[in-house]
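What follows is a single chain, given as structure tokens, in the form predicted on its own.
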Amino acid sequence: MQKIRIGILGYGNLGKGVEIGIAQNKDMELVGVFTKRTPDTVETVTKDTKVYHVDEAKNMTDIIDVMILCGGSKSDIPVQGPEFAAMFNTVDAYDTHAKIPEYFDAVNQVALQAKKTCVIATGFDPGLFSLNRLYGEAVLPEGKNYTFWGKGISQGHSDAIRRVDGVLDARQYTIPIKEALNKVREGEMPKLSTRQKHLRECFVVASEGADLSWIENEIKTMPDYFRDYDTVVHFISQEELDREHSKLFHGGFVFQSGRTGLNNENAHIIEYSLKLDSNPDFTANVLLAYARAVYRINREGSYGAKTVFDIAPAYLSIKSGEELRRTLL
């Protein structure tokens, strides 16, 4: 079996998850991790993993089939996506929903010129939840779609808080509001604002002498992340954060509530849910499935940026078409 050669750009929780996940995908092998840090200071999960400075990536385009971008969505991926699309087929977990169209255009322009294939914005949401929203709307056009996240730790939102001046570390919990969730599950099809669906709770470690009021305001007014939500900010010690908030669990629900029949007399609810012990491990495995798809699609000569909407499910699986028809259809 010819193995898909994977590179990992960025080595936080998501990068570690990709490194671990490759071992469960028999058609893949890891070339190495690429980091902005001094490579000798990076301790990898697997002792044999090679670590390179990010500047070395441009010299390794011939031995990497897919580069998986594992940086943060706030400031890493918007720059790295177009930059690396000029050199590699890529997959990323960009999750700033409001800016996906402009990010897609930036990556697409570069990837088309370079004849590379790049899947953007995949994971569990955007990603798998996006597909379920599409399926729900397509099957029940007379209806409403709802997405609830959590309760769980959002990696992207936690990363955004950590980039605020004076913040040393942070965890952000996304919490569905039960009253809204129950109304949807009961088929009421309520009209819900962003604020009515979720609460955001933040646990923040600030540097000594930092202006806590200023930090709290910066978090609560941050566009695309917190401004449209009721947000609670707690300032705690690093010890308490490490002790009480080290688990990176997450999950959520996608609903399509709709009606059919001559007089809309038949009610239907589609519910898809995820419950994840480790958000980064799960997201990493979604990225790897799409890395397989990227590799295959690029070899077929289809270039440019792609989203989960553009990729047939069969491309994700290690199984052949015959195996899929026999075992899963």
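Residue numbers here begin at 1 and follow the sequence given. Treat the numbers as computed from the prediction; the structure is a model and nothing was measured.
As for the form predicted together with another copy of the chain, it is not shown, yet the points below apply to it.
Out of the listed residues Ser278, Thr49, Thr35, Asn298, Ser278 is the one that sits within 4.5 Å of another copy of the chain in the predicted bound form by at least one heavy atom. Interface residue among Lys74, Lys151, Arg133, His245 relative to another copy of the chain in the predicted bound form, by the heavy atom within 4.5 Å criterion: Arg133. The putative spot formed by Ile8, Glu43 and Ala114 is not touched by another copy of the chain in the predicted bound form; no residue has a non-hydrogen atom within 4.5 angstroms of it. Residue contact with another copy of the chain in the predicted bound form: Ala160 places no heavy atom within 4.5 Å of it.
When contacts are judged by a 4.5 Å heavy atom cut-off, Glu265 counts as touching another copy of the chain in the predicted bound form. Interface membership of Tyr272, defined by any non-hydrogen atom within 4.5 Å of another copy of the chain in the predicted bound form, is confirmed. When contacts are judged by a 4.5 Å heavy atom cut-off, Ala121 counts as touching another copy of the chain in the predicted bound form. Heavy atoms within 4.5 Å of another copy of the chain in the predicted bound form map, among the stretches 35-43, 281-289, 52-60, 65-73, onto 281-289 alone.
Applying a 4.5 Å heavy atom cutoff to another copy of the chain in the predicted bound form picks out Asp310, Ile311, Ala312, Pro313, Ala314, Leu316, Ser317, Lys319, Leu324, Arg325, Arg326, Leu328, Leu329 from 310-329, in order along the sequence.
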